[in-house]
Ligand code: S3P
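Before any questions on binding or motion, here is one chain by itself as structure tokens, the form predicted alone.
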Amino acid sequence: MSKVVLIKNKIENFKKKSINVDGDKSLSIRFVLLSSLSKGRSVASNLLRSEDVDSAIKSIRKLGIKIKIKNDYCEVIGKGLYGFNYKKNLVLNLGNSGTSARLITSMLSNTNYWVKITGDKSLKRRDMSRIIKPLKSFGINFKNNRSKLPIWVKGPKLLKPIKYTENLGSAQCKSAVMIAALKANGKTQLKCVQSRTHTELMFKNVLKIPIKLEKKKNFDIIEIDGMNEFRGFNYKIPGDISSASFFIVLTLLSNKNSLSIKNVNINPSRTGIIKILNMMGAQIKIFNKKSYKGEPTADIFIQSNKRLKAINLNPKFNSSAIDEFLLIFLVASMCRGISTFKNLSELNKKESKRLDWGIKILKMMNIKVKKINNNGLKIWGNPNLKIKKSFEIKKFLKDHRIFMLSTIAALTLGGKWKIHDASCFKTSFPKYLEILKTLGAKIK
């Protein structure tokens, strides 16, 4: 039986509060994986200790890499690009982590045995063909032509460089190609729709890998010289903007509150939600800006705002807010006017069908919403929305973002909410409920 949380009251005032959110999940996973390919000792502080990151750690340990962890401090002793120790019948279970599953698959080229990659029920539903196609071009072998987990991966040790165009705007696909390119004998060229830039920033500013980056109007051009070993490194991981977004919207939609969130990663490829909410009238402020090894960080300040306006969103903002659209839909439900969102088919390829779930939850709240062109929606906002009904949210494939969205809706809009799978947030944000309670949220 799944764990359940009950929320029966809106959150009360938490004026002038300040919080820190957990370390960035994307950067934490990349640290674990890339440090395992380095030569020597790498150290990270503020590593996210979530189930997704722990799945990556367990898999790297199975490959013969020593990892020491104490709280959010992590030490990895890498053995170089070809340092993994492969055993017969090796199985790597990445749990719910799509990033770990896709990126680690690209790291396994020098095994003489078939390595099985698998995950939980939700991850087994997600598409792996987007990385299998380019990895096959490098020369990596896949058994049985499967496009979903479990998949089996094997050799060769030496990969051939490729030219590849990535049209999905998938940072995971782009990163998988970039990591495979490290073991290719020559120059790999990648033309890709713009997406999160964490991997290329780490290659350039942390690992010092020979890489050429060029930005075009609609594409990024990336060139990587393979067969270059790199040394261990130190990395201090900033707070996760995706985790911070739940508290941004909590503050924005609650009554007469203000909040500061300290030391958050504000990489422009990740801050679409701030740009979009400000276009809707939110007036979110960024201050104390810094740069750490190519990644921009800052403090974020938010105030409650009941005078929000609808938006006809240009799809160019989609990739920089892809994990936050459920929250953006919730804000749109409280705006004056009709909001329109397009080209969001990628949302239904996440841990659950998030576009469909967003529509379902809004309709439960008596918000008028209409699906358009099969991959977008219109939302008729109601600034005077008051909820007194009872809700039960379940069977959402333990998608952490649906769980957390439901808690924010309950705490800001009212009603009585019974939300199942109450531990699923630990895949990305273990301290989530703890921080909510410090702000005064009453959660049973």
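Sequential numbering from 1, following the sequence displayed. From a predicted model like this one, the values you see are computed outputs, not experimental measurements.
Another form, the form predicted together with the named molecule, is not on view; read the next lines as being about it.
Practice item. Please state whether all three residues S26, T99 and G169 have a non-hydrogen atom within 4.5 angstroms of the named molecule in the predicted complex. Key: All of them do, each having a heavy atom within 4.5 Å of the partner.
Exercise for review: Heavy atoms, 4.5 Å, the named molecule in the predicted complex: which of 140 to 148, 212 to 220, 70 to 78, 320 to 328 makes the cut? Say which one.
Suggested key: Selected range: 320 to 328.
Exercise for review: Counting non-hydrogen atoms within 4.5 angstroms of the named molecule in the predicted complex, say which of D225, D127, E229, E346 makes the cut.
Suggested key: When the named molecule is considered in the predicted complex, the option within 4.5 Å is E346.
**Study point:** Touches the named molecule in the predicted complex: R196 (any heavy atom, 4.5 Å)
**Key:** Output for R196 is yes: heavy atoms within 4.5 Å of the named molecule.
Check your understanding: How about K350: is it within 4.5 Å of the named molecule in the predicted complex, going by heavy atoms?
Key -> It does: once the named molecule is placed as it appears in the predicted complex, K350 has a heavy atom within 4.5 Å of it.
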